[in-house]
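Below, in structure tokens: the form predicted on its own, a single chain.
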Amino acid sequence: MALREQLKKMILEVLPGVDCVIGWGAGYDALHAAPLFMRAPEDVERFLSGPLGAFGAVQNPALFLPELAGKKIGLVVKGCDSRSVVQLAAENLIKREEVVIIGFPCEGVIDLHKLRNKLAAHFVVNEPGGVTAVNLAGDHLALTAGGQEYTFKRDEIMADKCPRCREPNAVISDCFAGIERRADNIADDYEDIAALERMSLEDRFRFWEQEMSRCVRCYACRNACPLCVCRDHCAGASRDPHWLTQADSTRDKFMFQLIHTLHLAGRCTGCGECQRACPLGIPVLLLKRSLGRAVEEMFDYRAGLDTEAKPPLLTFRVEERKIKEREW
């Protein structure tokens, strides 16, 4: 049985016992997927519509869980999505018993920024109706737009997070569809961070200054983050204390991103929704990955793997195992 059919069967089995099941359906054209809230059996027929299947299921549905607290929710998740669910539960932001998790193995998702750059000379990827047909076959993606067909290798347009993903399968689930993917030989060498660190401090600052100058402060990165749950009290909007001005300055834009990054230190699961949602394609995930690596090296902790583990920056110990301040 195809993965989509297995998932549909599981959703139908779960549906009577929950308020809704959140998965993915068709977006505004053949290329884009969108979150789908399934409340009735007929809604399930729209699940993972189109040929992309899980390859188009880019959004992280864990985003909606804190807002639906108190309701029984079914959630269809790939590996990085499931880590967000685990982290929300570990921080008591949701109750594990209120979520029915339907997991599946992920083979990677499309990076629409990469695709947009490759097709910029031909048409606008995000224009509604721009893409009329998509076919994913093996290692190639073919799409039709403006009467022309374009073909790309899967690796060329896959999100950067996918080849280094150590948890392609849902790390926690109540039912699991498909066959688990082996990830024993996958390692994250943080080469993207190392490339930045090889720059001089001046060049690195110029890099971020140039990137942040493009920011329009739409806060899509914040709104798409499943662990960024204090939106009503966000530093980007707060006037007491007044952290940021409304000036269109690179300084204020960078300040917001640094605050956002620090709030996610030891909590970010690397789902990449912040960077995916950015309309300008600013590599804000680099900031989160840099602190994520530091937390992993210093505290032996990776977010979203254990519902019972507490994030190290949300706890206190007299002396950390790798921080021997008493020996200084």
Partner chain sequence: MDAKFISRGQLPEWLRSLAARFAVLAPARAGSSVIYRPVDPEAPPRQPELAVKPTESAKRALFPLSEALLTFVKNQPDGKPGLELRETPPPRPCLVFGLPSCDARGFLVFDPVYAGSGTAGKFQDNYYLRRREQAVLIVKTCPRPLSTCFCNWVGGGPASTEGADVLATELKDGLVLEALTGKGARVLDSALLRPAADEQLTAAAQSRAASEAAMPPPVDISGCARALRGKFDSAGFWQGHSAGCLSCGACTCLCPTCYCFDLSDEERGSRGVRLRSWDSCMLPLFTQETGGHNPRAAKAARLRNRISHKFSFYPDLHPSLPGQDGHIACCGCGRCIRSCPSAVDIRRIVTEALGTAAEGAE
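Residue numbers count along the first chain shown, from 1. All figures in this text were calculated on a predicted structure; none of them were measured in a lab.
Not pictured, yet referred to below: the form predicted together with the partner chain.
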- Is every one of Arg222, Asp232 and Thr245 in contact with the partner chain in the predicted bound form, taking contact as a heavy atom within 4.5 Å? yes
- Item | Among the candidates Ala237, Leu258, Ala194, Ala137, the residue which, in the predicted bound form, approaches the partner chain to within 4.5 Å (heavy atoms) | Ala237
- Note on the structure: Contact with the partner chain in the predicted bound form, heavy atom within 4.5 Å, among Thr151, Asn92, Asn117, Gln148 goes to Asn117
- Query: If we take heavy atoms and a 4.5 Å cut-off, which stretch out of 180-188, 109-117, 96-104, 74-82 is in contact with the partner chain in the predicted bound form?
  - Reply: 109-117
- the partner chain contact at Val171 in the predicted bound form, heavy atom, 4.5 Å: no
- Message: Taking any heavy atom pair closer than or equal to 4.5 Å as contact, tell me whether Tyr301 reaches the partner chain in the predicted bound form.
- Response: no
- Query: Any chance Arg289 has a heavy atom within 4.5 Å of the partner chain in the predicted bound form?
  - Reply: no
- Item | Distance check, Ala294 to the partner chain in the predicted bound form, heavy atom within 4.5 Å | no
- Query: in the predicted bound form, which residues of 260-291 put a heavy atom within 4.5 Å of the partner chain?
  - Reply: Arg276, Ala277, Pro279, Leu280, Gly281
